[in-house]
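Heads up, the chain below is alone and in the form predicted on its own; it's given as structure tokens.
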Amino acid sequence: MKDSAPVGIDALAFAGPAGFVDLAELARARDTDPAKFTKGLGQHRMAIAGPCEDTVTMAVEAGAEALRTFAVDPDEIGTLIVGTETGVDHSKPVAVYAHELLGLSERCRTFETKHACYGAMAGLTASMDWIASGRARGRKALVIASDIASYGLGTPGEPTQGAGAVAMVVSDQPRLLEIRPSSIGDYTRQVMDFWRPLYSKHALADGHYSIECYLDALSGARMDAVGDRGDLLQQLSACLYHVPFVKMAFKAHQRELEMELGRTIRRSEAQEWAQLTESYEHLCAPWLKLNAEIGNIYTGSLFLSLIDLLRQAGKQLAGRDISLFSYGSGCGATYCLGQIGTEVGAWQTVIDPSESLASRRRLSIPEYEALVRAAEKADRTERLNPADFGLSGGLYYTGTRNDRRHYERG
């Protein structure tokens, strides 16, 4: 059933770092079989943020691209929310930096949402509520997911790193995706599956437990959204999930199908396993190419898959229903249904980040390791020159002086 008041995503854009690491090359450098990363995790490359690239610079670049490409006047933005778990300050939000650098009106509320990888979905649903309440008064919201996933050199989490930002303009006349408020389901439970203490630059995780928590949250949020429906997957044209690594989407889709069948699917059961594989290849796998090329971008991972779906099949799937599932460790989750805009085909080309991804620089392993070590010291570095890291033509962090972060275009 369609909700009476449409609200959803009106514009989308991605921005990311200038460099990447090839996962097969990294595996060989770590004396590991490349298939462990490329097949076991489903990852091929991971974006690497250097010392002059942070959550602010990526958020601003993505936000500016979304406004420019979809001809949204900055004065139309009445709410700016940045979802991130890798902010630049314990008190000052990334959003207020982005607000200034994007040239938004002072008649605008700004804040940062933090709940591990769930922050951007929290911002999206909050902005939808803001519009539905009437407070927007015809204005739009800009929600940006911006993160740097960092686990340290040589650690088990190293191949699941990445960096990037996805910007979404939310309005009551969404051109790309209408989200149905009546189909939104939520789930929260306090767990210690993934966290980052105040004293650490790197996250800590209980990997196997975190996967269990993710799947439990999927079950709970889906049940809250659509109840015990056993035919939902048959009605959907795509299923999008939070993707810390590509193969996680398969585990998630397996759980969804098991919920509909009412039983566990085992690989030894050939017929049901074939049904699962066919469903996954049809509803999920085609929209994971960008995630495999960019890596884990925390709050933006789900929405990166949405960009992938729309750039490839927006025209073919116009007017069709899809599902979205967002998970943040700790933990919180949302499951919802949406309908792809009927005119989305006109925007397929402009949201496709292929050109910018093709222009990235492939980092050798020594270059990558040096860049990571320099980035770890960047917050306390007084002056940084983007040119020293092969950067030009964008917005960059240029150092902290008198305890104040500085940003410049170069």
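Because the structure is a prediction, the values reported are computed rather than measured. Residue indices: 1-based, along the sequence shown.
Keep in mind that the form predicted in complex with acetoacetyl-coenzyme A (CAA) is missing from the display, and what follows is about it.
With the partner omitted here, the residue from 248, 221, 80, 340 that has a non-hydrogen atom within 4.5 angstroms of acetoacetyl-coenzyme A (CAA) in the predicted bound form is 248. Among the residues 110, 237, 188, 210, the one placing a heavy atom within 4.5 Å of acetoacetyl-coenzyme A (CAA) in the predicted bound form is 210. Contact annotation for the candidate site: 33, 117 and 157 all lie close to acetoacetyl-coenzyme A (CAA) in the predicted bound form (heavy atom within 4.5 Å). A residue is said to contact a partner when one of its heavy atoms sits within 4.5 Å of a partner heavy atom; residue 41 meets this definition for acetoacetyl-coenzyme A (CAA) in the predicted bound form. In the predicted bound form, at least one heavy atom of residue 296 sits within 4.5 Å of acetoacetyl-coenzyme A (CAA). The closest non-hydrogen atom of residue 205 lies within 4.5 Å of acetoacetyl-coenzyme A (CAA) in the predicted bound form. Taking non-hydrogen atoms only, residue 214 approaches acetoacetyl-coenzyme A (CAA) to within 4.5 angstroms in the predicted bound form. Comment: 323-331 is the region of 175-183, 275-283, 88-96, 323-331 lying near acetoacetyl-coenzyme A (CAA) in the predicted bound form, near meaning a non-hydrogen atom within 4.5 Å. Along 230-246, these residues reach a heavy atom to within 4.5 Å of acetoacetyl-coenzyme A (CAA) in the predicted bound form: 242, 244, 245.
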